[in-house]
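The form predicted on its own is given below as one chain in structure tokens.
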Amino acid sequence: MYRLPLHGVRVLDLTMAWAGPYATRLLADMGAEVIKIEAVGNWDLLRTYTGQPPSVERVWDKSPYFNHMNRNKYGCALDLSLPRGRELFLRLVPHADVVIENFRAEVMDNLGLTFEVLAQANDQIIVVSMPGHGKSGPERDYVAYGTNVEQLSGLCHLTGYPDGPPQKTGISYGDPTAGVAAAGAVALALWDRRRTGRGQYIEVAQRENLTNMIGEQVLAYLMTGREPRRRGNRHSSMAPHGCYRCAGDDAWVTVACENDAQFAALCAVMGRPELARDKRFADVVSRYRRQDELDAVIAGWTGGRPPQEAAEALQAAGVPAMPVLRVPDVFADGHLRERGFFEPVSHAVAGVWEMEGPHWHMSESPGHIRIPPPAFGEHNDYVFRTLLGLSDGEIESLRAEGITGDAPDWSVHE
């Protein structure tokens, strides 16, 4: 019987929205026991993104967004803003290895839960903060979401067409990249603690993390003095390189030719072998200068074919090409299905669905979806009785005082 890599590691998860919950989901996928802590009056706003009428029973437990980010976790309701809630949280810290939060820069200070305070409760604790702008600097107190982080990182100014404005990416790209960075930082800190016996404080500023993703563009500007331009779907050196309309409603295929051999293969598949011998397109530089002409020829060929058919014909000839999949296409994709990419999940409130499995395929300790996302306060008893040893009367008192509960105050995020 194998054990997952992070088996035995316990994480107290104070995160909300996407970046933080994604980090803790990655840790949970790899075996960590993650306890997601929300409050009746301050709960994860992702629970509001339900796509269903508010009148639906326990609608807060039926959010696709929340459930996607919080699989393999336990859920506990505990209000850290109240003295008794804060006290109980500090009693949980000695039972934990990691505390992770993605609040605004000042929140943990205001709660009296700084790293110094947490380290007094457990000198081996690892604490991760994920503020948008960092814990210092003139913008430390600015509020930020993934959308804002994208704009500040420089990514959006690189995205778009040459004759158009900057464009946001299809998702708030700063969130998942920060989540990956935070999960990796936890793994490194656990390794360091194994060597030294010491916990530590980790700061992952989401803005800085995403700016790292375009670091080569910043360095190129410093080295050349030239500001990078928006290129749409085109490449800095490859040509042709683009996304071409196909037969069907909003159907597209992408094609990228790296060298002369791939271009010759593309021409042969299109039934235009003479183009590979045409002096206008004889080499990469010539093709790059005449991309408009080439794109018109390629679009004329792809326009009469479904994207999958066009991509398969080009791939068979050694040309990098792939259809642009819609969400239903991704879910039905035969390649992903054969690899077991999707796993079934059964949720006590939200029903049964399929979800993509863990990122890493490890031969000796393969990860999988062990438990469904938590309903609100679903594992209160485990936290309060098993970990903290509270009596029935003490737990009932917590409920009466609003320190815990089984349902959120829905009006908070309405």
Partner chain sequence: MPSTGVLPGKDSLANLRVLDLSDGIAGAYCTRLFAGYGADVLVLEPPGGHALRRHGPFAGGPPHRETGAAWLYLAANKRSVTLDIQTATARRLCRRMVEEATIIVESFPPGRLAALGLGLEELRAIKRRIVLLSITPFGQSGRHAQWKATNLTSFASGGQMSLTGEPDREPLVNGGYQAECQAGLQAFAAGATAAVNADALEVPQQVDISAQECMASALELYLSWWAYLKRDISQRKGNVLSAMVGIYPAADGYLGFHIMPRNWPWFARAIGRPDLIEDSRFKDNYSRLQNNDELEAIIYEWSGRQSAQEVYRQAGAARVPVAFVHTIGDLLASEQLQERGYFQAIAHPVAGQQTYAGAPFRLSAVDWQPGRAPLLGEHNEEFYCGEMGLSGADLSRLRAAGVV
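As the structure is a prediction and not an experimental result, all values here were calculated from the model. Residue numbers count along the first chain shown, from 1.
One more form of this protein exists, namely the form predicted in complex with the partner chain; it is left out here, but the text below deals with it.
Of the heavy atoms in I37, none are within 4.5 Å of the partner chain in the model of the complex. Shown alone here, H95 lies farther than 4.5 Å from the partner chain in the model of the complex, counting heavy atoms only. Looking at Y145, you'd find a heavy atom of it within 4.5 angstroms of the partner chain in the model of the complex. Using a 4.5 angstroms threshold between heavy atoms, Y382 stays clear of the partner chain in the model of the complex. None of A265, L90, L190, A282 but one reaches within 4.5 angstroms of the partner chain in the model of the complex through a heavy atom, and that residue is L190.
This chain is displayed alone, yet in the model of the complex one of A119, M238, L275, V297 has a heavy atom within 4.5 Å of the partner chain; that residue is M238. Site residues L111, R370 and W410 are none of them in contact with the partner chain in the model of the complex, judged by any heavy atom within 4.5 Å. Here the chain stands by itself, but in the model of the complex one stretch of 78-86, 323-331, 282-290, 297-305, 323-331, has heavy atoms within 4.5 Å of the partner chain. Scanning 202-229 for heavy atoms within 4.5 Å of the partner chain in the model of the complex gives I202, E203, V204, A205, R207, E208, N209, T211, N212, M213, I214, G215, E216, Q217, V218, L219, A220, Y221, L222, M223, T224, E227, P228 in sequence order.
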